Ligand SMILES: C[S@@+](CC[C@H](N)C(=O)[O-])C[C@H]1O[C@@H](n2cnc3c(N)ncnc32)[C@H](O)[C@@H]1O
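Take a look at this single chain in structure tokens; it is the form predicted on its own.
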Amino acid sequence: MTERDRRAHHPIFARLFARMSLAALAKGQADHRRELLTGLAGRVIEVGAGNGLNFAFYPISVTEVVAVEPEPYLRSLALDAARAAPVPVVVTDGLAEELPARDSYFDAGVASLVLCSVRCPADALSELLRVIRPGGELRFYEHVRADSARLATLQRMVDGLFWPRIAGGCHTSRDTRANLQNAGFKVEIHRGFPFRPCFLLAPVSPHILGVARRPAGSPAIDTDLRRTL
């Protein structure tokens, strides 16, 4: 197994995530995912597609979804979900930090509950900026660093002690809105809200959902021959 495979292979967590995500869907997350994707159109890239829970909520104005998921078990579930999707979905292996796509190929990107677990958020967002066309949008739905000092302290503590090791690399305290802006996206719409389908998930209860855009005049970003879609 290569280093890249080891980074993406979380067999125990993947099975737990698949079960817990279905429970979260029934407790209100379906509405979040529907809100996330409403109004999308054209070609879309989704990073960290997991078990494909977003697929059922894509509007028919979307002509193509390329769903990138590196974890083998979750990718197998995403392939099943893609067959039932209302729009064409291609599920592919890959990392958010090394997207298998050409510059400016997509009209939009989707990142949902994934930027917490990528190795380097700056690299992942730089890749999304690269593959989304100038003027295109990035829809995001993530758990984030808490505004509450007490909860933020808890997040830092669990991140340092055990959370990333048992949760597939997930970090509870990333400042996703700031990371988006630092990467070059313009955050146009966002709202924060608490969501905790289970009391054990208190450290990841603060969420943010919104729309960011690649500025229309932003320059092309260098790529390499590995990105061939």
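Just so we're clear, the structure is a prediction, and the values are computed from it rather than from any experiment. In case it trips you up, residue 1 is the first one in the sequence shown, and so on.
What comes next is about the form predicted in complex with the ligand, which does not appear here.
Think of it this way: in the model of the complex, the ligand has a heavy atom of just one of 91, 118, 101, 108 within 4.5 Å, and the residue is 118. Proximity to the ligand in the model of the complex, defined as a heavy atom within 4.5 Å, holds among 132, 114, 77, 146 only for 114. Considering the ligand in the model of the complex, the lone stretch of 47-55, 157-165, 198-206, 185-193 in range is 47-55 [heavy atom distance within 4.5 Å]. Although the ligand is omitted here, in the model of the complex all of 33, 71 and 97 have a heavy atom within 4.5 Å of it.
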